[in-house]
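Just one chain is shown here, as C-alpha coordinates, and it is the form predicted alone.
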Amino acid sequence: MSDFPKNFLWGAATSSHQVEGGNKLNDWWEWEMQGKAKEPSGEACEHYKRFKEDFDLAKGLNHNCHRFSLEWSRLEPEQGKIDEKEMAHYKEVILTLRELGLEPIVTINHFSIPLWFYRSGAWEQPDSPHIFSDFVEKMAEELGGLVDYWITLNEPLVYAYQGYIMGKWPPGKSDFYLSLKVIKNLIFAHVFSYEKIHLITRQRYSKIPRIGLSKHTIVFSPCNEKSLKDRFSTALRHNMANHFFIKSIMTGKIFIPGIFNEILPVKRAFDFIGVNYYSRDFVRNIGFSAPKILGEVCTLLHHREIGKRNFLDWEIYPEGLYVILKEFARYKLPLIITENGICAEDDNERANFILAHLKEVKRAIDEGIPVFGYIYWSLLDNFEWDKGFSPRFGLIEVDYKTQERKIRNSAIEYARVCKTGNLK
(Lines give C-alpha, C1' and ligand atoms only; values in the text may rest on other atoms or scores of the structure.)
Protein backbone atom coordinates (compact mmCIF):
# COMPACT_ATOMS: atom_id res chain seq x y z
CA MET A 1 0.00 0.00 0.00
CA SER A 2 1.33 3.44 -0.94
CA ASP A 3 2.27 5.91 1.78
CA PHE A 4 0.95 8.74 -0.40
CA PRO A 5 -2.35 9.33 -2.25
CA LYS A 6 -2.78 7.63 -5.61
CA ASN A 7 -2.75 10.81 -7.74
CA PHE A 8 -0.04 12.58 -5.77
CA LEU A 9 2.13 14.92 -7.85
CA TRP A 10 5.86 14.21 -7.81
CA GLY A 11 8.44 16.36 -9.51
CA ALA A 12 11.12 19.02 -9.41
CA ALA A 13 11.32 22.72 -10.26
CA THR A 14 13.32 25.20 -12.31
CA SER A 15 13.04 28.93 -12.91
CA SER A 16 13.80 30.70 -16.15
CA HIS A 17 16.66 33.03 -15.23
CA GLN A 18 18.35 30.38 -13.13
CA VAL A 19 18.57 27.74 -15.86
CA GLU A 20 17.79 29.10 -19.33
CA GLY A 21 20.86 31.24 -19.98
CA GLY A 22 21.14 34.38 -22.06
CA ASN A 23 18.33 36.31 -20.37
CA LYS A 24 19.70 39.73 -21.27
CA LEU A 25 16.54 41.81 -21.09
CA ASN A 26 15.78 41.60 -17.37
CA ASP A 27 16.82 43.35 -14.17
CA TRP A 28 19.06 40.53 -13.01
CA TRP A 29 21.21 40.61 -16.14
CA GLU A 30 21.80 44.33 -15.67
CA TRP A 31 22.51 43.74 -11.97
CA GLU A 32 25.10 41.09 -12.89
CA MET A 33 26.70 43.27 -15.57
CA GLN A 34 27.13 46.01 -12.95
CA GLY A 35 29.16 43.58 -10.84
CA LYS A 36 26.58 43.40 -8.08
CA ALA A 37 26.23 39.61 -8.12
CA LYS A 38 28.85 37.06 -7.13
CA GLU A 39 29.16 36.06 -10.79
CA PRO A 40 27.12 36.48 -13.99
CA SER A 41 24.48 33.94 -14.95
CA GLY A 42 25.79 33.77 -18.53
CA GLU A 43 24.49 30.68 -20.28
CA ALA A 44 23.48 29.12 -16.95
CA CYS A 45 22.42 25.52 -17.76
CA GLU A 46 21.47 26.22 -21.38
CA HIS A 47 18.06 24.88 -20.48
CA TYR A 48 16.47 27.17 -23.07
CA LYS A 49 18.13 24.97 -25.71
CA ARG A 50 18.24 21.70 -23.77
CA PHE A 51 14.77 21.58 -22.17
CA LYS A 52 13.74 18.44 -24.08
CA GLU A 53 16.82 16.58 -22.87
CA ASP A 54 16.19 17.74 -19.31
CA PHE A 55 12.53 16.77 -19.37
CA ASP A 56 13.47 13.32 -20.70
CA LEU A 57 15.69 12.93 -17.65
CA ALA A 58 12.85 14.01 -15.35
CA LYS A 59 10.52 11.49 -16.98
CA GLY A 60 13.15 8.78 -16.49
CA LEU A 61 13.21 9.67 -12.81
CA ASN A 62 9.48 8.89 -12.55
CA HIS A 63 8.35 12.48 -12.15
CA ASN A 64 4.75 13.14 -13.15
CA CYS A 65 4.88 16.95 -12.98
CA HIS A 66 7.33 19.77 -13.49
CA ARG A 67 7.27 23.33 -12.22
CA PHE A 68 8.92 25.96 -14.41
CA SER A 69 8.61 29.71 -14.95
CA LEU A 70 7.93 31.96 -17.90
CA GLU A 71 10.56 34.62 -18.52
CA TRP A 72 8.53 37.82 -18.67
CA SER A 73 11.39 39.76 -20.27
CA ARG A 74 11.60 37.31 -23.19
CA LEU A 75 7.86 37.28 -23.79
CA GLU A 76 7.29 41.03 -23.42
CA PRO A 77 10.62 42.72 -24.28
CA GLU A 78 8.76 46.01 -24.77
CA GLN A 79 5.65 47.00 -22.86
CA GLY A 80 2.56 45.79 -24.67
CA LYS A 81 4.48 43.89 -27.37
CA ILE A 82 4.51 40.11 -27.12
CA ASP A 83 7.33 38.30 -28.93
CA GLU A 84 5.56 35.58 -30.94
CA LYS A 85 8.76 33.55 -31.34
CA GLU A 86 9.19 33.36 -27.58
CA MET A 87 5.52 32.55 -27.10
CA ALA A 88 5.95 29.64 -29.50
CA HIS A 89 8.97 28.51 -27.47
CA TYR A 90 7.05 28.31 -24.22
CA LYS A 91 4.15 26.57 -25.92
CA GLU A 92 6.64 23.98 -27.10
CA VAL A 93 7.96 23.65 -23.55
CA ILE A 94 4.46 22.96 -22.23
CA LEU A 95 3.56 20.58 -25.06
CA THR A 96 6.80 18.65 -24.51
CA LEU A 97 5.91 18.18 -20.86
CA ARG A 98 2.40 17.05 -21.78
CA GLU A 99 3.72 14.55 -24.34
CA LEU A 100 5.97 13.06 -21.66
CA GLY A 101 3.11 12.78 -19.17
CA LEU A 102 4.48 15.55 -16.93
CA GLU A 103 1.86 17.96 -15.58
CA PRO A 104 3.10 21.52 -16.27
CA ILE A 105 2.91 23.81 -13.24
CA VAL A 106 3.53 27.27 -14.65
CA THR A 107 4.98 30.08 -12.57
CA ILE A 108 4.29 33.39 -14.27
CA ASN A 109 6.90 35.44 -12.40
CA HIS A 110 9.90 34.00 -10.57
CA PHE A 111 11.65 37.22 -9.41
CA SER A 112 13.19 38.52 -12.67
CA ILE A 113 11.36 41.37 -14.42
CA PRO A 114 11.79 43.12 -17.81
CA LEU A 115 14.19 46.04 -17.97
CA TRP A 116 11.44 48.39 -19.17
CA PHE A 117 9.39 47.55 -16.06
CA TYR A 118 12.42 47.73 -13.78
CA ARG A 119 13.61 51.09 -15.06
CA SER A 120 10.17 52.65 -14.72
CA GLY A 121 10.02 51.81 -11.02
CA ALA A 122 9.33 48.05 -10.91
CA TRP A 123 6.88 47.04 -8.18
CA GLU A 124 7.06 50.48 -6.55
CA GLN A 125 4.82 51.89 -9.28
CA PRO A 126 1.18 52.44 -8.26
CA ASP A 127 0.02 50.83 -11.53
CA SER A 128 2.40 47.86 -11.31
CA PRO A 129 -0.40 45.40 -10.41
CA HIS A 130 -2.27 46.37 -13.58
CA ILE A 131 0.89 46.23 -15.71
CA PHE A 132 1.58 42.71 -14.50
CA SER A 133 -2.01 41.51 -14.80
CA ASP A 134 -2.13 42.81 -18.40
CA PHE A 135 0.81 40.50 -19.15
CA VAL A 136 -0.91 37.66 -17.30
CA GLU A 137 -4.03 38.22 -19.38
CA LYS A 138 -2.02 37.66 -22.56
CA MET A 139 -0.49 34.48 -21.12
CA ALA A 140 -3.91 33.14 -20.19
CA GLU A 141 -5.21 33.87 -23.70
CA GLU A 142 -2.31 32.02 -25.33
CA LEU A 143 -1.64 29.22 -22.87
CA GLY A 144 -4.89 28.75 -20.96
CA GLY A 145 -5.89 25.72 -22.97
CA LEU A 146 -2.64 23.93 -22.15
CA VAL A 147 -2.21 24.73 -18.45
CA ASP A 148 -4.24 23.54 -15.46
CA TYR A 149 -1.97 24.79 -12.65
CA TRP A 150 -0.84 28.42 -12.49
CA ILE A 151 1.39 30.10 -9.91
CA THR A 152 1.18 33.88 -10.23
CA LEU A 153 4.21 34.88 -8.13
CA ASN A 154 7.11 33.09 -6.53
CA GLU A 155 7.99 34.15 -2.98
CA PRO A 156 6.82 37.79 -3.15
CA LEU A 157 7.98 38.55 0.40
CA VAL A 158 11.48 37.26 -0.41
CA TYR A 159 11.57 39.62 -3.39
CA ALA A 160 10.57 42.56 -1.19
CA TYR A 161 12.95 41.58 1.61
CA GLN A 162 16.04 41.00 -0.53
CA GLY A 163 15.45 43.93 -2.89
CA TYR A 164 14.00 46.57 -0.56
CA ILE A 165 15.31 45.77 2.93
CA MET A 166 18.57 43.86 2.57
CA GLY A 167 19.50 45.50 -0.74
CA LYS A 168 21.18 42.31 -2.00
CA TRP A 169 18.92 41.96 -5.05
CA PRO A 170 17.79 44.55 -7.57
CA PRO A 171 16.90 47.35 -7.06
CA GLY A 172 19.30 47.26 -4.08
CA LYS A 173 17.35 49.49 -1.70
CA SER A 174 17.02 49.47 2.07
CA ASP A 175 13.71 51.05 3.01
CA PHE A 176 11.31 49.16 5.28
CA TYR A 177 8.28 51.30 4.46
CA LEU A 178 8.96 51.13 0.72
CA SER A 179 9.11 47.34 1.05
CA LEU A 180 5.59 47.39 2.52
CA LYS A 181 4.38 49.42 -0.47
CA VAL A 182 5.91 46.82 -2.80
CA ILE A 183 4.24 44.00 -0.85
CA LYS A 184 0.87 45.75 -1.15
CA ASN A 185 1.31 46.02 -4.93
CA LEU A 186 2.29 42.36 -5.18
CA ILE A 187 -0.85 41.35 -3.30
CA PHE A 188 -3.01 43.34 -5.73
CA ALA A 189 -1.05 41.89 -8.66
CA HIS A 190 -1.89 38.36 -7.55
CA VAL A 191 -5.58 39.13 -7.04
CA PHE A 192 -5.97 40.90 -10.40
CA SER A 193 -4.14 38.04 -12.13
CA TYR A 194 -6.26 35.41 -10.39
CA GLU A 195 -9.43 37.08 -11.67
CA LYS A 196 -8.15 37.41 -15.23
CA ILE A 197 -6.91 33.82 -15.56
CA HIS A 198 -10.23 32.46 -14.30
CA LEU A 199 -12.29 34.72 -16.56
CA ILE A 200 -10.30 34.08 -19.74
CA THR A 201 -9.78 30.35 -19.23
CA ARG A 202 -13.43 29.71 -18.47
CA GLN A 203 -14.70 31.81 -21.38
CA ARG A 204 -12.17 30.90 -24.05
CA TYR A 205 -11.35 27.30 -23.14
CA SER A 206 -14.35 26.20 -21.06
CA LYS A 207 -12.08 24.87 -18.35
CA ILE A 208 -11.55 25.72 -14.71
CA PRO A 209 -7.92 26.58 -13.86
CA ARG A 210 -6.27 26.09 -10.48
CA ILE A 211 -4.36 29.18 -9.39
CA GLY A 212 -2.11 29.83 -6.42
CA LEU A 213 1.24 31.33 -5.51
CA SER A 214 4.44 29.90 -4.06
CA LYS A 215 4.88 31.20 -0.53
CA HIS A 216 8.30 31.15 1.09
CA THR A 217 7.90 29.81 4.61
CA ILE A 218 10.33 29.56 7.48
CA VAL A 219 9.92 28.41 11.05
CA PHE A 220 11.11 30.84 13.71
CA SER A 221 12.13 29.99 17.27
CA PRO A 222 12.99 32.44 20.07
CA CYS A 223 16.67 33.01 20.80
CA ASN A 224 15.90 32.61 24.49
CA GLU A 225 12.82 30.51 25.24
CA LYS A 226 12.56 32.11 28.69
CA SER A 227 12.50 35.68 27.33
CA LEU A 228 8.98 37.06 26.86
CA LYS A 229 10.39 39.78 24.57
CA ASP A 230 12.11 37.21 22.33
CA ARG A 231 8.98 35.08 22.20
CA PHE A 232 6.86 38.11 21.31
CA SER A 233 9.12 39.21 18.45
CA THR A 234 9.41 35.60 17.24
CA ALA A 235 5.63 35.14 17.08
CA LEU A 236 5.21 38.48 15.32
CA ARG A 237 7.92 37.73 12.74
CA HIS A 238 6.59 34.20 12.20
CA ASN A 239 3.08 35.51 11.47
CA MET A 240 4.32 38.37 9.28
CA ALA A 241 6.66 36.15 7.26
CA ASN A 242 4.38 33.14 6.87
CA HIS A 243 0.80 34.37 7.07
CA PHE A 244 0.41 38.09 6.34
CA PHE A 245 0.45 37.80 2.54
CA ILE A 246 -1.90 34.83 2.41
CA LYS A 247 -4.20 36.07 5.15
CA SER A 248 -4.59 39.42 3.36
CA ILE A 249 -5.71 37.67 0.18
CA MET A 250 -7.98 35.26 2.04
CA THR A 251 -9.75 38.03 3.95
CA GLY A 252 -9.70 40.56 1.10
CA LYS A 253 -8.09 43.19 3.32
CA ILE A 254 -4.51 44.45 3.63
CA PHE A 255 -4.17 45.85 7.13
CA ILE A 256 -1.07 47.20 8.84
CA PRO A 257 -1.93 49.60 11.69
CA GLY A 258 -1.12 53.18 10.77
CA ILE A 259 0.18 52.25 7.30
CA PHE A 260 -2.35 50.33 5.18
CA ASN A 261 -6.03 49.62 5.37
CA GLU A 262 -6.86 48.54 1.82
CA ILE A 263 -9.76 46.48 0.51
CA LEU A 264 -9.14 43.96 -2.27
CA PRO A 265 -11.71 43.42 -5.05
CA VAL A 266 -12.28 39.77 -4.04
CA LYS A 267 -11.60 37.47 -1.12
CA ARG A 268 -10.01 34.01 -1.17
CA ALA A 269 -8.21 34.49 -4.49
CA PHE A 270 -6.59 31.06 -4.19
CA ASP A 271 -7.42 27.61 -5.50
CA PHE A 272 -4.37 26.15 -3.77
CA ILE A 273 -1.31 27.37 -1.87
CA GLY A 274 2.24 26.45 -2.83
CA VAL A 275 4.60 26.00 0.11
CA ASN A 276 8.33 26.64 -0.28
CA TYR A 277 10.20 25.41 2.80
CA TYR A 278 13.92 25.07 3.55
CA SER A 279 14.91 25.91 7.12
CA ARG A 280 14.46 27.49 10.55
CA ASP A 281 15.79 30.73 12.08
CA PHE A 282 16.15 32.05 15.63
CA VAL A 283 14.96 35.52 16.63
CA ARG A 284 15.77 37.92 19.46
CA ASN A 285 13.98 41.13 20.37
CA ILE A 286 15.87 44.37 19.71
CA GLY A 287 13.17 46.94 20.51
CA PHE A 288 9.51 47.79 20.07
CA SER A 289 9.51 50.40 17.30
CA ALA A 290 8.99 49.38 13.66
CA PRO A 291 10.74 47.46 12.21
CA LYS A 292 12.72 46.49 15.36
CA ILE A 293 9.64 44.92 16.88
CA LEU A 294 10.04 42.04 14.40
CA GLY A 295 13.31 41.17 16.11
CA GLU A 296 16.71 40.29 14.76
CA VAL A 297 17.64 36.94 13.24
CA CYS A 298 20.48 35.64 15.38
CA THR A 299 20.79 32.12 13.94
CA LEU A 300 24.45 32.34 12.98
CA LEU A 301 25.47 34.29 16.09
CA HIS A 302 24.25 32.06 18.88
CA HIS A 303 22.81 28.84 17.45
CA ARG A 304 25.38 27.34 15.14
CA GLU A 305 25.61 24.22 17.30
CA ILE A 306 21.95 23.34 16.77
CA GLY A 307 21.20 20.84 14.02
CA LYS A 308 22.98 19.89 10.81
CA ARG A 309 23.51 22.59 8.19
CA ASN A 310 23.60 22.73 4.43
CA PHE A 311 26.24 24.32 2.19
CA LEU A 312 24.74 27.78 2.83
CA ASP A 313 24.70 27.24 6.60
CA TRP A 314 20.92 26.86 6.75
CA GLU A 315 19.72 24.50 9.47
CA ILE A 316 18.22 21.23 8.26
CA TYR A 317 14.97 21.09 10.21
CA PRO A 318 12.44 18.68 8.64
CA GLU A 319 9.94 19.07 11.50
CA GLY A 320 9.41 22.64 10.37
CA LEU A 321 7.68 21.50 7.19
CA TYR A 322 5.07 19.67 9.26
CA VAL A 323 4.62 22.79 11.43
CA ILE A 324 3.97 24.93 8.35
CA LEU A 325 1.58 22.44 6.74
CA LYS A 326 -0.37 22.12 9.97
CA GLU A 327 -0.61 25.92 10.27
CA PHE A 328 -1.63 26.35 6.64
CA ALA A 329 -4.43 23.82 7.09
CA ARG A 330 -6.35 26.71 8.69
CA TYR A 331 -6.96 28.14 5.20
CA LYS A 332 -8.93 25.03 4.18
CA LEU A 333 -7.28 24.91 0.76
CA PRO A 334 -5.29 22.23 -1.08
CA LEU A 335 -1.54 22.53 -0.42
CA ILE A 336 1.43 21.55 -2.55
CA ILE A 337 5.11 21.75 -1.65
CA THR A 338 6.41 23.80 -4.58
CA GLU A 339 10.00 23.97 -3.30
CA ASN A 340 11.96 21.95 -0.78
CA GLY A 341 15.61 21.14 -1.28
CA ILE A 342 19.19 21.21 -0.07
CA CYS A 343 22.51 22.39 -1.45
CA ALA A 344 25.12 19.89 -0.36
CA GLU A 345 28.55 18.64 -1.37
CA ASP A 346 27.73 15.15 -0.05
CA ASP A 347 24.86 13.71 -2.09
CA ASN A 348 23.93 11.35 0.75
CA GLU A 349 22.78 14.44 2.62
CA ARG A 350 20.42 15.25 -0.24
CA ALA A 351 18.84 11.80 -0.19
CA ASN A 352 18.45 11.95 3.59
CA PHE A 353 16.99 15.45 3.36
CA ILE A 354 14.32 14.38 0.87
CA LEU A 355 13.26 11.32 2.84
CA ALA A 356 13.20 13.18 6.16
CA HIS A 357 11.01 15.94 4.76
CA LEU A 358 8.71 13.50 2.98
CA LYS A 359 8.13 11.76 6.31
CA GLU A 360 6.84 15.07 7.65
CA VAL A 361 4.61 15.48 4.58
CA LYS A 362 3.19 12.00 5.14
CA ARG A 363 2.61 12.86 8.80
CA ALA A 364 0.56 15.87 7.73
CA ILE A 365 -1.43 13.85 5.17
CA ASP A 366 -2.15 11.16 7.77
CA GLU A 367 -3.71 13.90 9.92
CA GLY A 368 -6.01 14.90 7.09
CA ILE A 369 -4.12 17.92 5.80
CA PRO A 370 -4.83 18.16 2.03
CA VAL A 371 -1.34 18.02 0.51
CA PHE A 372 -1.50 16.96 -3.13
CA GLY A 373 2.12 17.14 -4.30
CA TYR A 374 5.82 17.49 -3.57
CA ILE A 375 8.19 19.34 -5.91
CA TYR A 376 11.89 19.21 -5.12
CA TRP A 377 14.12 22.25 -5.67
CA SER A 378 15.67 21.81 -8.07
CA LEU A 379 15.81 19.54 -11.09
CA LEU A 380 19.21 20.95 -12.11
CA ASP A 381 22.11 22.65 -10.42
CA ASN A 382 21.63 26.29 -11.35
CA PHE A 383 22.36 29.99 -10.85
CA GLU A 384 21.34 30.74 -7.27
CA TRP A 385 20.87 34.50 -7.58
CA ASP A 386 23.30 36.53 -5.43
CA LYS A 387 25.06 33.30 -4.39
CA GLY A 388 26.08 32.38 -7.92
CA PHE A 389 26.71 28.82 -9.07
CA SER A 390 28.41 27.47 -5.93
CA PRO A 391 25.31 26.08 -4.14
CA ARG A 392 24.37 22.76 -5.70
CA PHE A 393 20.67 21.94 -5.20
CA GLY A 394 20.10 19.76 -8.26
CA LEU A 395 18.90 16.20 -8.50
CA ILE A 396 20.95 16.39 -11.68
CA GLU A 397 24.53 17.63 -11.53
CA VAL A 398 25.54 20.15 -14.20
CA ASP A 399 29.09 20.64 -15.40
CA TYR A 400 28.96 24.34 -16.30
CA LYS A 401 31.99 24.08 -18.60
CA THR A 402 30.66 21.28 -20.78
CA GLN A 403 26.91 21.42 -19.87
CA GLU A 404 27.07 17.67 -19.23
CA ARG A 405 24.25 16.31 -17.06
CA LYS A 406 24.83 13.61 -14.46
CA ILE A 407 22.04 12.02 -12.44
CA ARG A 408 22.87 11.95 -8.76
CA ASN A 409 22.15 8.96 -6.53
CA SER A 410 19.72 11.09 -4.52
CA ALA A 411 17.69 11.51 -7.72
CA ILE A 412 17.49 7.74 -8.05
CA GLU A 413 16.35 7.39 -4.44
CA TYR A 414 13.71 10.06 -5.00
CA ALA A 415 12.69 8.31 -8.26
CA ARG A 416 11.96 5.17 -6.26
CA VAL A 417 9.60 7.10 -3.99
CA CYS A 418 7.96 8.79 -7.00
CA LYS A 419 7.29 5.39 -8.58
CA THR A 420 6.10 3.49 -5.52
CA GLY A 421 4.76 6.22 -3.25
CA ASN A 422 6.57 4.48 -0.40
CA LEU A 423 9.31 5.88 1.79
CA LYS A 424 10.90 2.50 2.56
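Each residue number is its position in the shown sequence, starting from 1. Not measured: the values here are computed from a predicted model.
There is another form of the same protein, the form predicted together with a small molecule; it is not shown, and what comes next is about it.
Peer 1: Does the 4.5 Å heavy atom contact test between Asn276 and the small molecule in the predicted bound form come out positive?
Peer 2: Contact check for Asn276: yes, within 4.5 Å of the small molecule in the predicted bound form.
Peer 1: Even though the partner isn't displayed, in the predicted bound form is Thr299 close enough to the small molecule, meaning a heavy atom within 4.5 Å?
Peer 2: Looking in the predicted bound form, residue contacts with the small molecule do not include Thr299, since no heavy atom lies within 4.5 Å.
Peer 1: Can any non-hydrogen atom of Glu155 be found within 4.5 angstroms of the small molecule in the predicted bound form?
Peer 2: Result yes; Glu155 sits at the interface with the small molecule in the predicted bound form.
Peer 1: Decide whether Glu339 counts as a contact residue for the small molecule in the predicted bound form under a heavy atom distance cut-off of 4.5 Å.
Peer 2: Yes, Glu339 lies within 4.5 Å of the small molecule in the predicted bound form.
Peer 1: Which residue, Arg74, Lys196, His238, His110, is the contact with the small molecule in the predicted bound form, using a 4.5 Å heavy atom cutoff?
Peer 2: None of the others qualify; the residue that does is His110.
Peer 1: Between the options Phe135, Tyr322, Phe220, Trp314, which residue brings a heavy atom to within 4.5 Å of the small molecule in the predicted bound form?
Peer 2: Contact check passes for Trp314.
Peer 1: Hey, of 395-403, 362-370, 382-390, 31-39, which bit sits against the small molecule in the predicted bound form at 4.5 Å between non-hydrogen atoms?
Peer 2: Contact-bearing stretch, as computed: 382-390.
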